[in-house]
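Below you'll find only one chain, the form predicted on its own, shown as structure tokens.
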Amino acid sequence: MEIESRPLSDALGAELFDVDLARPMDETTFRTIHGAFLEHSLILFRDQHITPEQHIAFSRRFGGLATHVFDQFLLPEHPEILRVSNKREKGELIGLADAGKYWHSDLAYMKRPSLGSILHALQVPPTGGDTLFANMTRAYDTLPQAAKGRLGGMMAVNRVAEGRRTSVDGRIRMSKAQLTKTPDVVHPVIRTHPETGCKSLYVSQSHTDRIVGMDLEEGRALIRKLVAHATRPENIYTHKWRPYDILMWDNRCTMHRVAPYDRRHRRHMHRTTIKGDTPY
């Protein structure tokens, strides 16, 4: 099947046209979509009216699905889907309302982080709430050669963001069971994409805590410098959501964050997370 596409930005991303993810998909069509995903690191499908079952089925074409550690926000009867939502029922949030305030790659705090994420927008605010994506392959490519040499072989400790572990008044936001499931992990600062062979920066504002073998403050200063380099304007695509958009991104070579929005407006989405490999 021929699938028309157009770039979303100079930095990364492509919109794919004439694809209905509610319909059965043959292998040729899937290979075309998978190829676009690897080429562009982020792919967009507009106006996708799919059920949770169809969302899960499409996601599984790319690999096994992770069950998110924040199990209180999983979709009942469909634990493969995380609700990213500020919607409340009986006064309680049903989803992860503050997901992605800071630059991160999904599940970088796990031994085997996510391959990719697939987010289906069901309700979006009239303004704000955009998602910004950074091309981490370009971030690596544009480093000075000396920096590439210095960073090669360097390892970093990644962990769940501190704001998830404890709240400002000291109450534990994660249960003991959730904390047990997410011990600190060590990943390379430069990782190699297992399918394309390209190298990417693999540090983030949210999850990269420190550099192995480096003074704590010196290491954190380096992390901040690398994140600033990766998030220069020419490296960013900003996605302005429409209802029923589906966006899929490659967590192995991008990171992202959510722009602020008026919390009086509803932002309600379903996300699946595809299991990945141990970074190298």
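In this text, residue numbers run from 1 along the sequence as written. Computed from a predicted structure; not experimentally measured.
Same protein, other form: the form predicted in complex with succinic acid, not shown, and the subject of what follows.
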task: Answer with yes or no whether A11 is in contact with succinic acid in the predicted complex, where contact means some heavy atom within 4.5 Å.
output: no
message: My question is simply whether W241 lines the interface with succinic acid in the predicted complex - judged by any non-hydrogen atom within 4.5 Å.
response: yes
- request: Determine whether any heavy atom of V84 comes within 4.5 Å of a heavy atom of succinic acid in the predicted complex, and answer yes or no.
  value: yes
Contact label in the predicted complex: V258 to succinic acid, heavy atom within 4.5 Å: yes
field: Of V189, A99, L115, A139, the one that lies within 4.5 Å of succinic acid in the predicted complex (heavy atoms)
entry: A99
task: Please pick, from T131, Q123, T182, T196, the one residue with any non-hydrogen atom lying within 4.5 angstroms of succinic acid in the predicted complex.
output: T131
- request: Among 69-77, 99-107, 148-156, 86-94, mark the stretch whose residues have heavy atoms within 4.5 Å of succinic acid in the predicted complex.
  value: 99-107
message: Can you confirm whether L119, R267 and R271, the three residues that make up this candidate site, all sit within 4.5 Å of succinic acid in the predicted complex, judged by heavy atoms?
response: yes
